[in-house]
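The data below hold one chain only, encoded as structure tokens and taken in the form predicted alone.
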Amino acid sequence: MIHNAVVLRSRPGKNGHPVPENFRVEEIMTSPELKEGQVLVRTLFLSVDPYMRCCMNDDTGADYLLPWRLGECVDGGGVGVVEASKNQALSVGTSVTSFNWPWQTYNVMDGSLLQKVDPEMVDGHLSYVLGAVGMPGLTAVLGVREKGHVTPGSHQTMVISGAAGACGSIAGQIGRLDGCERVVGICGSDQKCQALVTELGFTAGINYKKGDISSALREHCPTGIDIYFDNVGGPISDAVISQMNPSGHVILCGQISQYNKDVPYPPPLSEDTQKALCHKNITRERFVVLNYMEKHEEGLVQLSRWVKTGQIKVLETVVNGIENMGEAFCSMMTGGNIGKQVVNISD
């Protein structure tokens, strides 16, 4: 059978920004003959995520990520439906997902590498498997609970950078649900700030592209900052950490502002920020959700319950068509999405 696949055409230059032209769509032929244990799956939704920028390099800088190979199909989070099966555990019509889903319209896959999806867990929205009830949601809930040290009733203030993205938009809501008195999100447009407050229940949103971010933080965090969920790094994080209270906690989740630079991960901090962390006894611990595999099932059940009861609202930006994967990825990397960025391959 003939179907479409997205391959890596070229890598961004050193310190370079990715462009859609780094990818291309090719027609490929796949044998419809299945071996024992295999399934043919039709792709429904594919995910684009910040970590993928690291996969575009020769060296990802992370021992848990493999680089994408030039001229070969790339992969990431995906969800689809079984169209044909020689796997006893996966019957035709079963919804399945994987963290290593090839960017193809159809795939022949080893059934043992797929996880079943119960559509009820995501309230019928299978794309949520790639966001709120998937890896970004798990990153948010486990990041907050393992590294945030939220204490109900202690009047804590949490700040989230990249707050309108897939992970940040969930993390802020969890901070509120778990007992933070104030939850302040930093993002890149007035529209996003409004969504944080009116749709997701944040206390305030700060547009880092307008005005002085330090002044805005002082206005919206009058008692200082106790917990910082860091998705972006760079000058924004320097500004937040400078206003953190003694014995605060930084959840080091991502550093998207630094991913196009040729620096190690986590990127080096400014001298002033290092001094602030030390003098105020602020913990800043790298968080990797894959280190908490034993807590994933419980976390997904909790996220599902919150989504189904409306305690967590889900925002998505959906692009249609596998030919637009490169555009969707590059848009996400420059903040073009509100909530989780997904690509609808076939619904």
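What you are looking at is a predicted structure, and each value in this text was computed from that prediction instead of being measured. Don't overthink the numbering: it's just position in the shown sequence, from 1.
What comes next is about the form predicted in complex with a small molecule, which does not appear here.
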Exercise. Does any heavy atom of Gly185 come within 4.5 Å of a heavy atom of the small molecule in the predicted bound form?
Worked result: no
Problem set entry | Residue contact check: Met333 to the small molecule in the predicted bound form, 4.5 Å heavy atom | yes
Problem set entry | Distance check, Ile256 to the small molecule in the predicted bound form, heavy atom within 4.5 Å | yes
Exercise. Any chance Gln156 has a heavy atom within 4.5 Å of the small molecule in the predicted bound form?
Worked result: no
Exercise. If you check Asn107, Thr139, Gln173, Thr97 against the small molecule in the predicted bound form, which one has a heavy atom within 4.5 Å?
Worked result: Thr139
Exercise. Tell me, which of Val319, Ile282, Val289, Leu300 has a heavy atom within 4.5 angstroms of the small molecule in the predicted bound form?
Worked result: Val289
Exercise. Every residue in Ala166, Val232 and Gly339 with a non-hydrogen atom within 4.5 Å of the small molecule in the predicted bound form?
Worked result: yes
Exercise. Residues in which of 31-39, 300-308, 47-55, 274-282 have heavy atoms within 4.5 Å of the small molecule in the predicted bound form?
Worked result: 47-55
